[in-house]
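Quick heads-up: it's one chain on its own, the form predicted on its own, in structure tokens.
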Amino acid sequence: MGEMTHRMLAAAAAALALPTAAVAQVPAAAPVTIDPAVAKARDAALEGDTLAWEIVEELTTEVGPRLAGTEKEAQARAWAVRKLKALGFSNVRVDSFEVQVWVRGEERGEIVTPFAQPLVLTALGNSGATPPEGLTAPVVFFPTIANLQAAPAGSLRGKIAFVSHAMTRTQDGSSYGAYGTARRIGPAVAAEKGAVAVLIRSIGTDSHRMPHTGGTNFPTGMTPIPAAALSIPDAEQLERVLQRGKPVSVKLLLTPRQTGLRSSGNVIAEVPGRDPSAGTIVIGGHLDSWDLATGAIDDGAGVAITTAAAKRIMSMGRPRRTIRVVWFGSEEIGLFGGNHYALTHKGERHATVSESDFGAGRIWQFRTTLPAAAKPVLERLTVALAPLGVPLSTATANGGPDGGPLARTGVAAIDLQQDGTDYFDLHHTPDDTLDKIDKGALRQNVAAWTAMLGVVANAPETIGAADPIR
């Protein structure tokens, strides 16, 4: 080893022996923490919240079904105003609007030939009526809505179209959009091709003899035809009859009617904030329900969960941001409450929007469109929700059905996603009743909403226009 090498090694060793203080240190990032008061409120809700149950129990017991635009929905609004005032919310009021009202009548169905037997069905909202004596016609089967759309013009003249399909069970409800097309546009497509009536397999995932109702739409100027959903066992039975290869005829008696323009509205209440410039947080669910049941999961639970969480934040003291609780009206027949809110409040400064409208199952993930400047808010949300088993999803938030119109104006959305694996077993059926709500899952929902509101309502950061963080 040469002298030069020795000198180089000595210099290297001397460098390595420099005192630690002489080497630049990168400080470790401070751990993300949340306000201990928020954590305490979250945990208290998880352990012992009773307010959400009280709200949904009273609503479903004292009011019951709340079809949009009817006297029952009006009773629900009056009850809601009394309840929200009694809970101590501020600025409680009804923001009214009008809707066209459809009401259910008599509904019966039966296979006439070749194997006579009754069918369990229910009319679809906005559908037309049969003659008073009923309607009997041959049935034409379509496995999917795409098959119906491909049918030649005029090919269904004098016939009943039957569209069947088997909705897929998913945790996030993502199959509803695709399968629900048969209900939303199927009757109009069939009418255009000459059908005198439509039957669809219920948009659901259960195997009970309970049909699922829901709205359908006819273009302006088109006369609505009778349209009904068969319970899933009855739809499968009708398919088996058709598979025998003999002509099948069905008799229907459906007597719904339109009653004209009636009053509906959003019930609004607030937890006033300290800083009007920080923007308002909009939360809530929809107050109306279909008429077959008491609307416990759709959406009595949603208004109860969000209101109970807002009440907990109110009890902690005045937050920085105003929390506005909205019990939207006439969601089921076309998102009228959500659209009305977005239109009438479009000039206001909103920080975020969120809705609970997917039952009462446990929250299993959350989504946001918070802007990049609000990344610290997202980080605190992640920490606050982690103890509840609620991680951040890579999917994009949409604000929920009624919150969607506001979110689409650029307001940041935060979605607390409920487990909907069993939701479409009950959705729009006579089985949507209070006993289907699990109290433990309901408390977990309130805890998650309390954590979210506790973080967002007092966040010092500016929350600007939506911009998904990935």
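When you see a residue number, it is the position in the sequence shown, counting from 1. Just so it is clear, the model here is predicted, and its values are computed rather than measured.
As for the form predicted in complex with a further copy of the same chain, it is not shown, yet the points below apply to it.
Undergrad: Scan Arg362, His208, Arg318, Arg104 and let me know which has any heavy atom within 4.5 Å of a further copy of the same chain in the predicted bound form.
TA: The option sitting close enough to the partner is His208.
Undergrad: Using a 4.5 Å cut on heavy atoms, which of Leu434, Ile34, Leu51, Leu46 is close to a further copy of the same chain in the predicted bound form?
TA: Answer to the contact question: Leu434.
Undergrad: If the criterion is a non-hydrogen atom within 4.5 angstroms, does every one of Gln171, Gln418 and Asp422 touch a further copy of the same chain in the predicted bound form?
TA: The answer is no; none of Gln171, Gln418 and Asp422 reaches a further copy of the same chain.
Undergrad: I need the one stretch from 291-299, 89-97, 255-263, 144-152 whose residues put non-hydrogen atoms within 4.5 angstroms of a further copy of the same chain in the predicted bound form.
TA: Partner-contacting stretch among the options: 291-299.
Undergrad: Using heavy atoms and a 4.5 Å limit, would one call Gly334 a contact residue for a further copy of the same chain in the predicted bound form?
TA: It does not: once a further copy of the same chain is placed as it appears in the predicted bound form, Gly334 has no heavy atom within 4.5 Å of it.
Undergrad: Test of understanding: in the predicted bound form, would Glu62 fall inside 4.5 Å of a further copy of the same chain by heavy atoms?
TA: Heavy-atom contact with a further copy of the same chain at 4.5 Å: present for Glu62.
Undergrad: With the partner left out of view, is Pro118 within 4.5 angstroms of a further copy of the same chain in the predicted bound form by any non-hydrogen atom?
TA: Contact check for Pro118: yes, within 4.5 Å of a further copy of the same chain in the predicted bound form.
Undergrad: With a cut-off of 4.5 Å between heavy atoms, is Glu379 one of the residues that contacts a further copy of the same chain in the predicted bound form?
TA: Close contact is absent here: in the predicted bound form, Glu379 is far from a further copy of the same chain, nothing within 4.5 Å, heavy atoms only.
Undergrad: Within 327-365, which residues have a heavy atom closer than or equal to 4.5 Å from a further copy of the same chain in the predicted bound form?
TA: Nothing in the stretch sits within 4.5 Å of the partner.
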